[in-house]
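Below you'll find only one chain, the form predicted on its own, shown as structure tokens.
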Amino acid sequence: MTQTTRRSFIKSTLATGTALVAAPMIARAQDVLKMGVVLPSPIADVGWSHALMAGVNTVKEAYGEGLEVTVLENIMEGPDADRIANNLVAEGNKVLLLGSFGYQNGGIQIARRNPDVSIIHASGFMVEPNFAPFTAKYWQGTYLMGMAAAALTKTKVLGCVGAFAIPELITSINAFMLGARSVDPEITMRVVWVNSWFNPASEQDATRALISQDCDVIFSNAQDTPSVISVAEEAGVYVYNLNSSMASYAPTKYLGVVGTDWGPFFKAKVDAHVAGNFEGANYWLGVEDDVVYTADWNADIPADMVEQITARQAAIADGSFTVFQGPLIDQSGTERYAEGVAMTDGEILSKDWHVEGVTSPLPN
């Protein structure tokens, strides 16, 4: 497996120029599938890119020498990412994993120009026959974290450091709030958006700001560093995150992780490409798909709450409980969904409002 940074990849592609397009495929390439992976942040030992790479490694292990993987990490969304993805196709990569919402527009154009290339894309909503977005139902896990937070908070004020105000992250926040309020309706939440997937300094500042406002349980929402986790541990407030465990960075105050296991899904999509039946569809994957899971629960959570969380998680998995089901009231007090009315997947995918109890307004 080749692992490349943005700088070294651009340097090599500029040096070869258009030769990438003109170079004939060698015989060996007919037997080896080439897969390109573009990630928005360093892989590191935790976080979103780390979780995606764990999934890619599952595919690599299954295919062995039959798969050649090129990984490009810490690639900023925008023209660089588009150019890099195009170069991967020019180099003969027939499967692309585009690991960020911001890669969507460039990726969909690649799919339309290259019908023989199969693309799986993180967090988007656009679909082509060879372009499949995938999203985790994080809200199933963050709802459970909300229940735990309600049992531990003393101030009844929760906090969240959010990366970008996109529907995927908004739904995670709302579910956290709904879970907490299912236990204690007086709980509120404050949110600070840092507008970055990877900015340790801003994440630390945002965490300290929330703690100064009496938030005593913090949600690290899509940060690729343990910055939020470490600051919360130092301040003595509970904290949890998405994608991969950061328990080692908060030995006493780690509430838990809403993790993701992408390996089986990634392998299934690569298998489908090889078999010639890749399907472009919007994949919503959760607890029921063994993609979303919760782990590393803090021992401070009362035993009776652990029992409630376990029962609720089972109900989510078997479909007998739906997180986003009315009555759902927004933060202005307006009823969005009446009693018993559930949000559709499409409505969740485009969600741009906070539920009652979240006191911070969404950015314009």
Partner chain sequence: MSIIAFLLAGTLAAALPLLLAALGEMVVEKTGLLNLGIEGMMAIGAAVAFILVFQTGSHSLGFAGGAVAGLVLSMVFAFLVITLKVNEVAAGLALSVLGLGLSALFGKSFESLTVSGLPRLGLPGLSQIPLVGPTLLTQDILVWLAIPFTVALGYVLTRTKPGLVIQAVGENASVARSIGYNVAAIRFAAVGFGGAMAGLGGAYASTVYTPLWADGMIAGRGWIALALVVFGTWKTGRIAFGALLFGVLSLGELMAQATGVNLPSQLLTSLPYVVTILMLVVISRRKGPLAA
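Basically, rigid core = biggest C-alpha set you can superpose within 1.5 Å across the two forms. Since this is a predicted model, take the numbers as computed values, not measurements. Residue numbers count along the first chain shown, from 1.
The form predicted together with its partner chain exists for this protein as well; it is not shown, and the discussion that follows is about that form.
Enquirer: Since the chain is shown here on its own, which stretch among 133-141, 183-191, 90-98, 289-297 would lie within 4.5 Å of its partner chain in the model of the complex, judged by heavy atoms?
Expert: Going by heavy atoms within 4.5 Å, the stretch is 183-191.
Enquirer: So which of 174, 227, 243, 221 gets a non-hydrogen atom within 4.5 Å of its partner chain in the model of the complex?
Expert: The option sitting close enough to the partner is 227.
Enquirer: Quick check on this chain: which one of 104, 86, 153, 204 has a heavy atom within 4.5 Å of its partner chain in the model of the complex?
Expert: None of the others qualify; the residue that does is 204.
Enquirer: Whether residue 335 contacts its partner chain in the model of the complex should be assessed with a 4.5 Å heavy atom distance threshold; does it?
Expert: Flag for residue 335 set to no.
Enquirer: Please tell me whether any heavy atom belonging to residue 199 falls inside 4.5 Å of a heavy atom of its partner chain, as the geometry stands in the model of the complex.
Expert: Because a heavy atom of residue 199 falls inside 4.5 Å of its partner chain in the model of the complex, the answer is yes.
Enquirer: I'd like to know if residue 261 sits close to its partner chain in the model of the complex, meaning any non-hydrogen atom pair within 4.5 angstroms.
Expert: Contact check for residue 261: no, nothing within 4.5 Å of its partner chain in the model of the complex.
Enquirer: For residue 212, is any heavy atom within 4.5 Å of its partner chain in the model of the complex, or not?
Expert: Yes - in the model of the complex, heavy atoms of residue 212 and its partner chain come within 4.5 Å of each other.
Enquirer: Where, within 347-362, is there a heavy atom within 4.5 Å of its partner chain in the model of the complex? Residue list please.
Expert: Counting only heavy atoms within 4.5 Å of its partner chain in the model of the complex, the contacting residues of 347-362 are 360, 361.
Enquirer: After the core is matched up, is the C-alpha of residue 166 off by 2 Å or more between this form and the one not shown?
Expert: It does, since the residue 166 C-alpha is displaced 2 Å or more between this form and the one not shown after the core fit.
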